[in-house]
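As structure tokens, one chain now follows by itself in the form predicted on its own.
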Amino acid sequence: MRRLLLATASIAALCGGAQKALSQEAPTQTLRIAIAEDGDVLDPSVARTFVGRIVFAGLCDKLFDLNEKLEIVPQLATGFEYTDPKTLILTLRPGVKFHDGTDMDAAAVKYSLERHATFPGSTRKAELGAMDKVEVDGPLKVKITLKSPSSPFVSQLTDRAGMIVSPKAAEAAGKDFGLKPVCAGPFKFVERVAQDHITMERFPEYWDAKNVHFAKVVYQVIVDNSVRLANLQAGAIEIGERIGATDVDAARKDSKLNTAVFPSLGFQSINFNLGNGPKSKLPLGSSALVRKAFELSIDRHALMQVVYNGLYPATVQGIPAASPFHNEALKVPERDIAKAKALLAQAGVKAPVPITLTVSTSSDQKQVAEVIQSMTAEAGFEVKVQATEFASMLSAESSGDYEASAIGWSGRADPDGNLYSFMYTGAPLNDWKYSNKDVDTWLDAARATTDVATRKALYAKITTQLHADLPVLYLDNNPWITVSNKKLTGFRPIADGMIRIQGMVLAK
């Protein structure tokens, strides 16, 4: 039997002496957060963008959260216990209210988990795939029965799969719940103006209201990296996420700003359409030899130096170097134009090979694409760069309306979260329709064991096979770069990249 009960430590302790300066009056300040693109739908069952996760951090509490050491800590749940390898008991926090005034209890948790697992278009299905059934075991106790033992299951509950929504509001709104979401977070939804901002106001009945020091939060969409920095320098916003690597020196020289550069759990990659509609029939999607030639025509290290001032480490796998499951045997291949040309010839493809590479409209992503365009031309590729608004780009990828798509993933603490939903046959984020029976078997086996050595060996097999098949061309493990006004204290740099508002204070 495995048992873990989590202490309900106050977030105030994590934020040092910032609390001492606080007035006892109700908060009146507005916190302005710059986000790098507009998010997608604000429904945790179907959402899939990183900026959406940042907004959810202020809107929808989860059953569990992560701390700076990536340890699982309490949020809506106070603890969990495995009574046997397939039976998980969650103990919930008492007295928690949703924004509509209804109770966050065991029935609401059961409803939310089942909704995440079954809602049409849910991107949580693979994350909760091990779940067999959910039962109410008391007003504040939930019993989850798993189909088989699942080592990453609880870690999935530290993100959107663990966000609990108001059953009353979700039932009333149906598929439109994301237009006016109702959760149990520190702020409640007010309005959204597409491509501009999302506004939320403080929820006075929040269970940890003493650690929320703003009356309102505005998530301002500022796509251009340099413009985000300029707004920080001008005092128009208090904190900005994913500031450009080329702007780090300028930010560090500004005496009014704090600059945090810290490791992430994620990666940037180019995803190849292997089986999702007609565009998968093109040479890139049809032949691993063509994809390998494309890879060998790119110098990842030079790319990182040119676009990111060398701050981003190049990689060939979806498990970051800091993870104990990282495959040390996989190395970034050297650029080899002659071999790339030979592989194209072996594949029976004549140069120039036309490729459409879809990227977001952010300045660094367009630069990445332009450098790749130049590099690959020497091997016989003719890359057309197509810049698209991020949410539209995701939609096109999902529908198969793409050939190659440059995109990022913010990462998860357990390697399962970086691989399973993308690489398992039929998984909801497997937009490229990759399918390999061996990889499926290894992914399932890695979920079913808690032995670190066994999991490490399985993930070594998985990452090695993925590098051979190349459904995804991993480029780098990008660090987070977050810049804030020095008057703002209490920001916690955690490797998931979230901006947690609890405990943050803005000096007057």
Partner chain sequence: MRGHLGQRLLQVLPTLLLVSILVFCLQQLMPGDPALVLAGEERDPAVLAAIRTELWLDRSLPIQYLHWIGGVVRGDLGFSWRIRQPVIQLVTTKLPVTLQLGAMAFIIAVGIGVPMGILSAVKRNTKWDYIANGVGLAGLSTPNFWLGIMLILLVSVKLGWLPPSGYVSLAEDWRQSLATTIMPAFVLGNAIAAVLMRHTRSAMLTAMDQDYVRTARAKGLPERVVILRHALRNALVPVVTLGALELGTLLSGAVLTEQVFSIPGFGKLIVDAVFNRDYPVVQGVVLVTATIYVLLNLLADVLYVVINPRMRGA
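Rigid core: the largest C-alpha set superposing within 1.5 Å between the two forms. Note that this is a predicted model, so its numbers are computed, not measured. Positions refer to the first chain, counted from 1.
Beyond what is shown, the protein has a form predicted in complex with its partner chain; the following relates to that form.
Student: Let me know the one among R300, R115, R192, K188 whose heavy atoms come within 4.5 Å of its partner chain in the predicted bound form, would you?
Tutor: That would be R192.
Student: Between S122, T78, Q365, S151, only one gets a heavy atom within 4.5 angstroms of its partner chain in the predicted bound form; which residue is that?
Tutor: Residue within 4.5 Å of the partner: S122.
Student: So, W409 and its partner chain: in the predicted bound form, are they within 4.5 Å at any heavy atom pair?
Tutor: Result yes; W409 sits at the interface with its partner chain in the predicted bound form.
Student: Hey, in the predicted bound form, does R455 get a heavy atom within 4.5 angstroms of its partner chain?
Tutor: Outside the cut-off, so no.
Student: Could you tell me if L70 has a non-hydrogen atom within 4.5 Å of its partner chain in the predicted bound form?
Tutor: Although its partner chain is absent here, L70 would stay clear of it in the predicted bound form, with no heavy atoms inside 4.5 Å.
Student: Heavy atom to heavy atom, is A234 within 4.5 Å of its partner chain in the predicted bound form?
Tutor: It does: once its partner chain is placed as it appears in the predicted bound form, A234 has a heavy atom within 4.5 Å of it.
Student: Given its partner chain in the predicted bound form, answer whether the residues V306, G318 and I494 all have a heavy atom inside 4.5 Å of it.
Tutor: So, no: the whole triplet misses its partner chain.
Student: From the candidate stretches 162-170, 92-100, 284-292, 389-397, select the single one in contact with its partner chain in the predicted bound form, where contact means a heavy atom within 4.5 Å.
Tutor: Going by heavy atoms within 4.5 Å, the stretch is 389-397.
Student: Using a 4.5 Å cut-off on any heavy atom, which residues of 283-318 would contact its partner chain in the predicted bound form?
Tutor: The stretch 283-318, when checked against its partner chain in the predicted bound form, contributes no residue at the 4.5 Å heavy-atom cut-off.
Student: After superposition on the rigid core, does the Cα atom of W207 shift by at least 2 Å between this form and the one not shown?
Tutor: After core superposition, the C-alpha of W207 moves less than 2 Å between this form and the one not shown.
Student: Answer yes if the Cα of A387 shifts by 2 angstroms or more between this form and the one not shown on a rigid-core superposition, and no otherwise.
Tutor: For A387, whose C-alpha is compared between this form and the one not shown after core superposition, the shift is 2 Å or more.
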